[in-house]
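First, one chain by itself: the form predicted alone, in C-alpha cells.
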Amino acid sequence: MHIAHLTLTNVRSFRRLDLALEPGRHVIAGDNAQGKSNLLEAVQMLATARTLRGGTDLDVISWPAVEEDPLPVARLEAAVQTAQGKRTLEIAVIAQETPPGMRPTRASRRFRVNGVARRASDLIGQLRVVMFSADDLEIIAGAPAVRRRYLDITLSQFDGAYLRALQRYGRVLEQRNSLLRKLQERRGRPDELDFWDDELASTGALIAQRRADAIRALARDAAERYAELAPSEAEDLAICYVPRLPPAVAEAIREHDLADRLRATLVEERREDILRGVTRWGPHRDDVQFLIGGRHAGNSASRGQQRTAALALRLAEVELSTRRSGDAPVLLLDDILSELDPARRERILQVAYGVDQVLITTPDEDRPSREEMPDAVRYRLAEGILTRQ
C-alpha cells in the first residue's frame, strides 16, 4: 500500500500542497513549527477520519483561510494504491455559515471515496497507517481513555465489524445514560432499559472480544520487539487487557455467550447505575496495562523504558496490520529518529525497508543520514512550502 498523490488545500499551515509520491522512503526535513507534523497528521486523518490532536474540526482549516473567506473550506485528498487496486479519498472540512462580520466557530466534515459521497466509516481503512510520534509515551503513561483511543484507531483500520460495533455502542451508550438520568429523577420505568441493555451487550461483547484478540497478538510481538530494542534490559514487557467487567464475566471473554453474560451484568447493576446516572460496566471503561518487570510502566518505568515500550508497541502494530489485511500499512515517523540511540534507530529503519512507503519528518537533515537511507527521496519544508532536494 502506498500514497501515489497527496493534495492539501487550506489545511493548517498548508495553503496548497500538491505532492506526487512513489513507493519507498521519503524524508521531510525542516525547522520546528514549519508544518512537518501537520503533513503527517493530514495523512493520518485521511486514514482514520480523525484529527490526531484535540480541538475542533474548525482547527483543521488554515487560519489565513478563516480570516479571508467568509465560508472557508479545507480539503484533504489522496490517491492510494493498494493490493486490491487504486482508490481516491477526500475529506472536506467546511466552516458553518455565520452572520455577516462574524468568524465561523464550527465546521463539519464531508467524505468521498472514488468521487462518491460516503460516511466516515466508509473512508476508514481505505488507507492504513501506523504513526510513530513523541506523543506515543501517553499510550504507556497517560489516562485509560488514551489507550482506548489507541485501540479504536488501530483496530478500526482493518476490522470493519469492530468499527461498526464501536459506532453503534457509542450511540446506544449515550441513549442508555440519558435514560438512567431520567430514571434517577423518577421519570420513567426501569424496564425501559431492556432494549438498550440488549443493544449494549451485543455490541459490547464484540468490541471486548476483538480487543482481547488484538491485544494478545500485540503483546506477543511487542514483547519480542522490546527485547530486541533493549537487549541489556533484564526485565520483560507484558501487555494485558483489563476489561471493565466483573471478574467472572472477564474470565469468559472468549466464550460464545459473552453477550448474555454482559446483559445479565447490566440488569443486575441497574439499581446502582440509576443511582449514579451512568453505565458503570462495559468497554467504554476498559484499560490496557503495560508492565515492565511485572510493574506498571506508567508510574514505575523510566522515561527511556516507556519510550522503548511505545516503540515496541508500534512495531507490533505494523505486524498486526499487515497480517490482518495482507498489505503493509504506510509508516509515518514524526520527528522520532533524532531522539533515538543508534541501535533503536537502526531497528526502526529496518522496519522502514519492510513496507511499501514511509514518510519521515526530521529537524535534522542527517537523521536519517544518506548512509543510513541512501535511496530516500528528500525534501525541505519551510513555512508550509515543500521543496524536493
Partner chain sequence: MSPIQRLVDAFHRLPGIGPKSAQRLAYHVLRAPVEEARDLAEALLHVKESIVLCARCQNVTDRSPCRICADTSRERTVICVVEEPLDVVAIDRTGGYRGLYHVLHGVVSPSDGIGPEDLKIEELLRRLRDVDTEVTEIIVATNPNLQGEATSMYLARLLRPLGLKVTRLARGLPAGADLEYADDVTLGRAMEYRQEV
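Positions refer to the first chain, counted from 1. Because the structure is a prediction, the values reported are computed rather than measured.
Quick note: we don't show the form predicted in complex with its partner chain, though the next part is all about it.
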The one residue among Glu224, Glu138, Asp122, Asp152 placing a heavy atom within 4.5 Å of its partner chain in the model of the complex is Asp122
Contact with its partner chain in the model of the complex, heavy atom within 4.5 Å, among Ser300, Gln84, Ser178, Ser108 goes to Ser178
Closest heavy atom of Val116 to its partner chain in the model of the complex, within 4.5 Å or not? yes
Report task. Please check if Arg103 has a heavy atom lying within 4.5 Å of any heavy atom of its partner chain in the model of the complex. Result -> no
Q) Does its partner chain come within 4.5 Å of any heavy atom of Glu192 in the model of the complex? A) yes
Tell me, yes or no, whether Trp196 is in contact with its partner chain in the model of the complex, where a contact means a heavy atom of each within 4.5 Å.
-> yes
_Does its partner chain, in the model of the complex, lie within 4.5 angstroms of each residue among Ser325, Asp364 and Arg378, using heavy atoms as the measure?_
no
Only one of 314-322, 204-212, 249-257, 92-100 has residues with a heavy atom within 4.5 Å of its partner chain in the model of the complex, and that stretch is 92-100
Checked 6-44 against its partner chain in the model of the complex; residues with a heavy atom within 4.5 Å, sequence order, are none
